[in-house]
Structure formats: C-alpha cells, structure tokens
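Only one chain is given next, in structure tokens, and it is the form predicted alone.
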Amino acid sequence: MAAPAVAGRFQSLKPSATVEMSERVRQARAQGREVIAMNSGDPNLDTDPRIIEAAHRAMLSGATHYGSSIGERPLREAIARRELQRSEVAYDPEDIIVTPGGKFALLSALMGIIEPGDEVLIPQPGWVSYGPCVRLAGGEAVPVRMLDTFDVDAINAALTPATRAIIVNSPVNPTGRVLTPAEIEALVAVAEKHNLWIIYDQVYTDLVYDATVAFPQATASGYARTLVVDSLSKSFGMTGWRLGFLAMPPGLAKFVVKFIQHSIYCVPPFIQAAGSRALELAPELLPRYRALFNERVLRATAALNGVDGVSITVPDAGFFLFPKVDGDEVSIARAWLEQLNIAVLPGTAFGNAGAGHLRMSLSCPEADLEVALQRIADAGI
C-alpha cells in the first residue's frame, strides 16, 4: 500500500532558486571545480568580533534557555530606537516581534493577516520567496509586472474582491532600486483606498547609497496598515545567525506572536544579545559596509557596460546587479556556469518581468570578483 500523500502545497511548491543554485555551487566545488559564486544573497562579511563576543558573554552568563516568544526586551528596545532613527516612526517595543531571520518575519506577517483564498499582490521582479510564503500561509500570490517603476495602473488592474495585501520591497531585490517618495505615497494611497495591508520589506535599507528612502509606515494611514519586515543578516554580516524582526501597527503583535509560540517558540537569547550589540555598532559598521559595496557596484557596472550584449545602470543600493543581456537569460546563466565557472541567476528566477536579465551578486571575495569580470569581458555574451 502506498504511503499517504504529501500535502499539495508542498508538491506544487518550487524550490528556492537562490538556495538551489547555492547547492549546485557546493556540489561543483566538491567535485574540484573552482566556481565563483555570484548568485548568493550572503554579503560575505565576517561578523564583527565584538558581536560574536556579545553572544559568547551571553552564553556564559546563562542565556541558553527558553526566552520570550516576542523577543528579549533589550533587543526590541534597540530595534525601536533604530526605527525611530531611520523612518522617524516611534514603535512601542511591544509592537515588535523578533524572528529567526527576515524570511520568517515575512511568513509570520502573512500568517497574521491572510486567510485561505486571499490574494496578495507581488511586484515583479521580486524576491523568490514572496510567492511561496504566501502559498504556505494559504493565500494566492498574484504577480504584478513593474520592472522600473511602481505602476499604480498595473496594481489597480490586478485588484479583485479577494485582494488582501501587497508585498513591497525597497530597495528591491534583485534590481537594487529604491522606490521614490512619490511611489511610496502612491502605494499608501492605493492601500488606503482598497483597504489593503502593506507588507514592507526593508531588508536592504542600510545599504542605500545616495537615494532618498521613503517608508510607508512613516505616514498616519500607512502606519496603521504596514507590517515591516527587516533583518540584521545583510547589514551586519549575520546571515547564519538568523535574526530578523517584524514591526507592526499597535495591537497586532499579540495575535501574530501566537504563531511564534506554536512554531519556533523563541529566537535564542544569546543570538539576540549579539543583535543588540550589532545595533550599538551600527554607526561605525554600516558606513564601512556601504562604502565597500558601493565601490564594488561602481567598478563592476563600469566593467560590464564594456561588454557587448550587456547594458546596466548603477543600482541605488545593495550588492546586486541586474544587467540586461542580449539573449536568453537562462541559457546565458547556464553557459557561464558550465564554461566560465561563474554562478549567476537568470532574471526569470525573480518572476517573468526579469526576462532578459541576470542577477549578479557582488558578495564574493575581491579577488574572485576581478577574475569573474575579466572572464565575462573575454567571453562576452
């Protein structure tokens, strides 16, 4: 007799394109190939030793037991101070939930507001996990094409009576574009008119270069309907620590925290101690990391614009490039991996709006980046 069937939501769920490529790179390296990984969202920054020491001290002091499901008070207070500094929004620490990374913050937000059958609008190209997280929460993901602008007409055309929320990412992964204040204003107006939740992913905000950053939660109407997803992973080189948070309108956390209680229970307190120390070090560390990636972005953009068949503009933030290429992006990504030993992702991994593009991460070591750019220049498209 056959075993019972796996749940349908998993049978039809596609693997993460970014994680899947990382596994392919690991397998290739295990076979002796020297693959340059330009596919990963890991910024390849060593966690500052002072952050590590904070975790070590916390463990030695006994912070190795269960903690609060909503998060330790010192970290939530530090996050509230950080949000006041960045967005000028005064969050009560009781409206902030600490999560194991930004992805779980996203899933927690969706679990808190989505009922089975609800539709969630997702601008594309966009992060590969948005749609699957909507599906895991019982909702239906509705992709909306908007490569270079926040297209209100496209949003309006996608709205149905079942639309419940919209996920917005700024700076955008994969393009590095920062939504303008006018676009954020338009987003809030649409959400208010149609009574939608906004899930706002601001994970790359600390890596914005010169662009003006606007926040939907910074307006009265936006604050009442915006759930903010963030993480310390990219900003502080803490991807493996799995530390993020969800900031919400007043009163919502007491419901969403039940999902934490019945799933992960809590983020380890010693990891939260490390997060508190990271936020203390933000004024010192973040300018250094921004300068590092900005220099790489400018150098790589200049090099790629000299390659026939490639066109690219300088992104506003982050360490990703999203060049337009002459040809099929899937075939080009495959050829670069097999022939040049360079791993990148086809733009369609981030939705059909990414057709004709590649996503390239500049998070690899400096020496590898130079070799990769030279190989691409020599080979072309």
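Just count from 1 along the sequence shown to find any residue number. Everything quoted here is computed from the prediction, not taken from an experiment.
The form predicted together with a small molecule is left out here; the points below concern that form.
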Tell me, out of 271, 203, 79, 248, which residue has a non-hydrogen atom within 4.5 angstroms of the small molecule in the model of the complex.
203
Answer with one of 294, 233, 87, 276: the residue that has a non-hydrogen atom within 4.5 Å of the small molecule in the model of the complex.
233
Would you mind picking out the stretch of 177-185, 69-77, 296-304, 102-110 that comes within 4.5 angstroms of the small molecule in the model of the complex, counting non-hydrogen atoms?
102-110
Looking at the partner-bound form in the model of the complex, is residue 226 within 4.5 Å of the small molecule by any heavy atom?
no
Indicate whether the small molecule has at least one heavy atom within 4.5 Å of a heavy atom of residue 290 in the model of the complex.
no
Any of the heavy atoms of residue 242 lying within 4.5 Å of the small molecule in the model of the complex?
yes
4.5 angstroms heavy atom contact with the small molecule in the model of the complex for residue 215:
no
